[in-house]
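The chain below stands alone and is given in structure tokens; this is the form predicted alone.
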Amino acid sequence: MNVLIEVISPEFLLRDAFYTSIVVGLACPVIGVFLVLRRMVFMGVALPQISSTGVALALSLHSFGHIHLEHGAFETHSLAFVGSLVFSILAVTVLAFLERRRVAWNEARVGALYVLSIAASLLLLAKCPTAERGWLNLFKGEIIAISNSDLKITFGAFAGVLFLLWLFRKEIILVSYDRELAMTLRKQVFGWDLLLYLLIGLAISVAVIAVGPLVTFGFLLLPPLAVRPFAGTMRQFVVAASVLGGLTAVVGFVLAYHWDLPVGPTDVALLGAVCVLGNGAHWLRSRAFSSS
């Protein structure tokens, strides 16, 4: 309890990292609900890694002589965000076009894309040790160095994404849940798909810069997978996933601070435990009802 009081205190040294973790924990599961709804769980693994490949490219440009990072010119953080955003938007745009042509992204293709993204990142950073260290810290989810400006950018971006998802929730849910019915009703399926993917790409690029691909993936998919068996409606699904993500962000940060552990892996491990326990409880309950 003393650790929790210290962490939530306004004078807490790592308060920006703590608040950013909560923002990501609350918002990413809402985005993840749509990935689960569209049966794109494996793509939720690949997209954060593709985004981090954009970061790797941006950080390594100066080692190839294309960009020189000077004090007061391009800040490394801003350049990394641009790389993350560009790669995320390109990936989700290609995904939207391929889905329109009914090209299935099966597990094998997504797995290959994930592995190739990691290989490309490591090759890009091979000649730049400084950038490689920064990228590896990002990959591990080292979020303690987040500044107040990073918190404001993360909060603003997620607030905009969630507002648009809420504003167009009926259309996006319809094309995600029942594409055939949406086509019958003459909805602009491709347009709504593209909007959803662009919002997902923006959210992932911001989250990757803030907390890294590991934590982004964890909060995108594990809370929705944990609460899905217990959610009776779409509203319950979204709210329960978001609340679970936010609570896990708080508890994970407190435990990591108390035990001197990296915050990102602690959050993901905690989410994994909750997911296993939740789905295990649902399986036991189903078995009990089927045998009675």
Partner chain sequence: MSAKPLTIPSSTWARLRDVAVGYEGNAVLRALTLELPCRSFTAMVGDNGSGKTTLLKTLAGILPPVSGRVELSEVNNAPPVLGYVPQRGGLDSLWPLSAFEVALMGTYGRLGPGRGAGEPQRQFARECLAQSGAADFEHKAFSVLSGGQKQRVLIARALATQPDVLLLDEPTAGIDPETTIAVMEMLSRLHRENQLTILMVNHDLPLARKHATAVLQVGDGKVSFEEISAPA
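Numbering follows the first chain given and starts at 1. In this text the structure is predicted, and so the values were computed from the model without any measurement.
Below, we turn to the form predicted in complex with its partner chain, even though it does not appear here.
Asker: Could you work out which of Val45, Leu26, Val36, Ala240 is the residue within 4.5 angstroms of its partner chain in the model of the complex, going by heavy atoms?
Answerer: Contact residue from the list: Val36.
Asker: Just one of Leu124, Ile173, Ala96, Leu202 has a heavy atom within 4.5 Å of its partner chain in the model of the complex. Which one?
Answerer: Contact check passes for Ile173.
Asker: Where does its partner chain sit in the model of the complex: which of 243-251, 49-57, 258-266, 36-44, heavy atoms within 4.5 Å?
Answerer: Contact criterion met by 36-44 only.
Asker: Wondering, does Phe168 line up within 4.5 Å of its partner chain in the model of the complex on heavy atoms?
Answerer: Yes, Phe168 is a contact residue.
Asker: Given that its partner chain is not shown alongside this chain, does Tyr177 nevertheless sit within 4.5 Å of it in the model of the complex, heavy atom to heavy atom?
Answerer: Yes, Tyr177 lies within 4.5 Å of its partner chain in the model of the complex.
Asker: Would you classify Ala119 as touching its partner chain in the model of the complex, given a 4.5 Å non-hydrogen atom cut-off?
Answerer: Although its partner chain is absent here, Ala119 would stay clear of it in the model of the complex, with no heavy atoms inside 4.5 Å.
Asker: In the model of the complex, is there a heavy atom of its partner chain that lies within 4.5 Å of any heavy atom of Lys152, even though the partner is absent here?
Answerer: No, Lys152 is distant from the partner.
Asker: Within 219-242, which residues have a heavy atom closer than or equal to 4.5 Å from its partner chain in the model of the complex?
Answerer: If the 4.5 Å heavy-atom criterion is applied to its partner chain in the model of the complex, 219-242 yields Arg228, Ala231, Gly232, Thr233, Met234, Phe237.
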